[in-house]
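Two versions of one and the same chain are coming, encoded as structure tokens; call them structure 1 and structure 2.
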Structure 1
Amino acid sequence: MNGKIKGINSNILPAVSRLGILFIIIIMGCIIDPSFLSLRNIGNNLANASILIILGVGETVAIITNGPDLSAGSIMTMGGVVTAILMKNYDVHFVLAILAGLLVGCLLGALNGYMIAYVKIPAFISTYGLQWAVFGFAYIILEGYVLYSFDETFRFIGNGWIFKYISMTTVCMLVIVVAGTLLLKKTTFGRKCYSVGSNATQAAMSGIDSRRVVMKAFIFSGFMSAAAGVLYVARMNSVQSDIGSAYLLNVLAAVYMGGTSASGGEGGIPGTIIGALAMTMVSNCMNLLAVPSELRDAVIDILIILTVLLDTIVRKRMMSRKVG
């Protein structure tokens, strides 16, 4: 009965604990405001969570494979800045501008992957250093200015609504979530990510080129970060050199709250979605209660600690009661 506890799959209880936290948050929201579960509010929460979830998809793959991508927020910024500059200053068609922004994200992700996989710089150091370099370049490119007021067709990608209650940002997020989940769970590359993250030495002995896997994982993370930046610009109709700075800790929190192991080899995108939704709904509840902004980060930090603590307790009890 390996992997089961008295007939219960060992992956179920942690998932239930995270869903339980989300359910409690929803109940609290309904108590605060009966319209919390209205279609309009659900649509707004999904739209607000979408950029964080897209970032989380790339971050999840990176953490499962080799460690955190601390440059995700800066790559998000650069993807948005490149797209905006090309449209605003050079009159490039928005489709080509978006492709350029995504390409820059892939190149920065490849730089991360090369430094980690081939130069052997730890992921934490490599991505942290790149973060500040990219933020600096974004500031230089924009010369300290804020760009705003973009083409309406481009803005529809991030700010449009279809079927009244579903935003285009949410549609883009759902497409990315499905693609990312299939990539991790249904492809050879996804299985290699888990193998390398669990035990890189053993993966190498099995014939897996861990360097190529790590490289691809961080390219994917860079692509997702740039995609989040493009959608952010389209949604907010503006861009400046630090738009991604507020997202880094939030995306790490969403991924870890969702059950992805900091040591790699374990986790998945569904859990990240739960983590991102929980954080977004808590923020919504605090808005309804008019909680001062200086207290909001503290409340979210406490939620993160409690969620991870509960998940750790559940896992330890499962291990102690594991049969066979």
Structure 2
Amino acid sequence: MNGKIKGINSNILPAVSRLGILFIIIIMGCIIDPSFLSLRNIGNNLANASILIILGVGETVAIITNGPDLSAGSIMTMGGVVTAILMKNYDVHFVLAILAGLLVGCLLGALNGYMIAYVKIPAFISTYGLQWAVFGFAYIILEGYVLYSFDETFRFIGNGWIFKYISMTTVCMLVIVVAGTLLLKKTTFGRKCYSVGSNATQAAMSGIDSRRVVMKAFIFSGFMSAAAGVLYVARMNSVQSDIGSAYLLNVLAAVYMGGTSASGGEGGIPGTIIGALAMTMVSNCMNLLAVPSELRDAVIDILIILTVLLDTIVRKRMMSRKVG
């Protein structure tokens, strides 16, 4: 065992097994519905996955650096709601409205960052708490109504198709994925995220101010969540105060399935993309199989627990392996 895989980069194995999971889901989809792999369905799945992937980019950075951003769904809602209400009720130009939505996302992210890095409340408590307040305010802003039918140009961002099979959402997603990957892998900030997330004491001894890194990571996560919300509104052409609530579990499942470690310091955006695609196809399969809506969350939850369980076991094995 020791000798055989000695030379192989230890990061590759989990990635391969994850692609395997994706493959199994695709095969299952094909069995359920032969048109599963048609260009149209793939394009649709990609477009559906895009919002999840964008959320996932932010969530991945948060989890690598410190801990889960459980307010992602609510910030997504708020970003969408702010953009929508400014366009609809205050006739703000859509570009400004989008900027405002993104700004709100950053501010809420900064609030998370403050609570986690400076007050030292664990991320899973502070962000979990914040989401209730944010959902509440989204509800207040909309006064319980649904807003719909927005400006055509705005809708193009989410709804337009280029080359027939590629949606604009997918294009936006690709831009964000590239930006996020560059940030994590090619900048000193990304390096610091991994450093703080893997061992904060070590990071402090290396002269890294972990509070600032955590703060920035959660601002980034808030920004991405808001961006996902804006795209959602553009794509669906409507918004209500609970659009993000269904996304939280999905995005967590995507990130964990993508191999980002729950304890931080490990993982990356490529894995999250695989995870998000897998989750989207799982939803697709559940649609095809007509799984009752009340059971869908439970299915995703079981998937989350199973992936993390598998991950824990694999990681334990990997950690006890020694070379050199």
Partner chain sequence: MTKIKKLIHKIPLITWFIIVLIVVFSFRSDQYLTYRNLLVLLQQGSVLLVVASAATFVIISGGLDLSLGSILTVSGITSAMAVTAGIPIPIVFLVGGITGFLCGAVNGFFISYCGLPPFITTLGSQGIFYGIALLLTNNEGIVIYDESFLILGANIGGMIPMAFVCCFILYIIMIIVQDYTRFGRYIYAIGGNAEGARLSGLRTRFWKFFIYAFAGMMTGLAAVILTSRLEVADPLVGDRWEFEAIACAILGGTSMNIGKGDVKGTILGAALLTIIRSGMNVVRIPSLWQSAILGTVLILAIVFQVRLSLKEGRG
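This structure is a prediction, so every number in the text was calculated from the model and none was measured. All residue numbers here refer to structure 1's sequence, counted from 1. Each form is matched to the other, and the largest set of C-alpha atoms that superpose within 1.5 Å is called the rigid core.
The chain as displayed in structure 1 is taken from the form predicted on its own. Remark: with the core as the superposition reference, the CA shift of Ile274 between structures 1 and 2 stays below 2 Å. With a cut-off of 2 Å and the rigid core superposed, Gly29 has a Cα displacement that reaches or exceeds the cut-off between structures 1 and 2. Superposition on the rigid core between structures 1 and 2 places the CA atom of Cys285 2 Å or more away from its counterpart.
Here the rigid core is superposed, and Ser38 then shows its C-alpha moved by 2.4 angstrom between structures 1 and 2.
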